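One chain follows as structure tokens, the form predicted on its own.
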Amino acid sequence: MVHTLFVARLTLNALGRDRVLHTLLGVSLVLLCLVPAFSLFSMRQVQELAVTLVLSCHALLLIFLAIFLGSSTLWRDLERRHTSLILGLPLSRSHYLLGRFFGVGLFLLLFSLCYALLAVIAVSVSATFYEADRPVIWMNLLAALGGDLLKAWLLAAVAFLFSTFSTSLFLPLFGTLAIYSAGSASQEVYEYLNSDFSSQISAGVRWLAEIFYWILPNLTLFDLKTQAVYSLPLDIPALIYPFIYGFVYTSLVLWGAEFFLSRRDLV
């Protein structure tokens, strides 16, 4: 565990010095400053539009960070043979892998915490322009931001999995992007196949689609934007189930990444 935390700290320090990430953080700050101005385009739903813009920007930035960092962090070490030096220490491959992932995960967490603080300020300022029918439920807003963070951790784990057996950066990048696209639409496809409108679809296609539904991550479980935007009641299962699902799925993906990494020639 000590070795894992050591690698995680090194990863976090390296990410903190990345100028590309500094630029992205600056862009997110500018976007949040523009939220009150853009929310005025809605005459009677200023607060709702502000929450929607805040959550949409957060989800987009986290997805980009998760795919980019998850794809490049481990793959760069493997291709440049940095692992030969690191693994020369009393450090197992599993501790190295988990340390790299925890470092990326901590960076995403710190980004979300800073973003959440600025988002609360942006929404509060926007809400003063026009009195909404319902006040903002801040716990719903934080829960929606947390759902995006769980999704980002899962996608980063998928990118790590692709990096363990890929010799090109394209597979981790576009493979994770494909998993994200399929996982975002899997629930809608599953519901359509079980509706009355899918009677003409063959049993083979239906069976194949259902297999992919259970294999691919169901990313819609982490979407709590509706409850945050319209201040709807948020029950406990809506919070617990995505957390358990994300933890189990991410753990299984990391186990697969450890399996492939343990069999890869790193010399």
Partner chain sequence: MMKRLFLLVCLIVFYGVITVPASRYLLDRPVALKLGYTPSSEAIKLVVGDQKLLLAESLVIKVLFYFGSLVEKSMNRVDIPPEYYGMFKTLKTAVMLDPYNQDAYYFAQAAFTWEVGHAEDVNKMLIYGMEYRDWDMLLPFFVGFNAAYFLKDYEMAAIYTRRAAEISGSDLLTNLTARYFYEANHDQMGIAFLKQREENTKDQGMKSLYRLRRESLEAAQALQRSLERFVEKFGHQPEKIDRLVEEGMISHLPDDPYGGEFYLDSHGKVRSTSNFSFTRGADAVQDGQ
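Note that this is a predicted model, so its numbers are computed, not measured. Residue numbers count along the first chain shown, from 1.
From this point on, the text means the form predicted in complex with its partner chain, which you will not see here.
- Although the partner is absent here, residue 218 is not a contact residue: none of its heavy atoms lies within 4.5 angstroms of its partner chain in the predicted bound form.
- By the criterion of a heavy atom within 4.5 Å, residue 34 is excluded from the residues contacting its partner chain in the predicted bound form.
- Taking non-hydrogen atoms only, residue 212 never approaches its partner chain to within 4.5 angstroms in the predicted bound form.
- Mapping the unseen interface onto this chain, residue 241 falls outside it, with no heavy atom inside 4.5 Å of its partner chain in the predicted bound form.
- Between 121-129, 170-178, 67-75, 144-152, the stretch whose residues reach within 4.5 angstroms of its partner chain in the predicted bound form through a non-hydrogen atom is 144-152.
- Residues of 224-252 lying near its partner chain in the predicted bound form, listed in sequence order, are 225, 226, 229, 230, 232, the criterion being any heavy atom within 4.5 Å.
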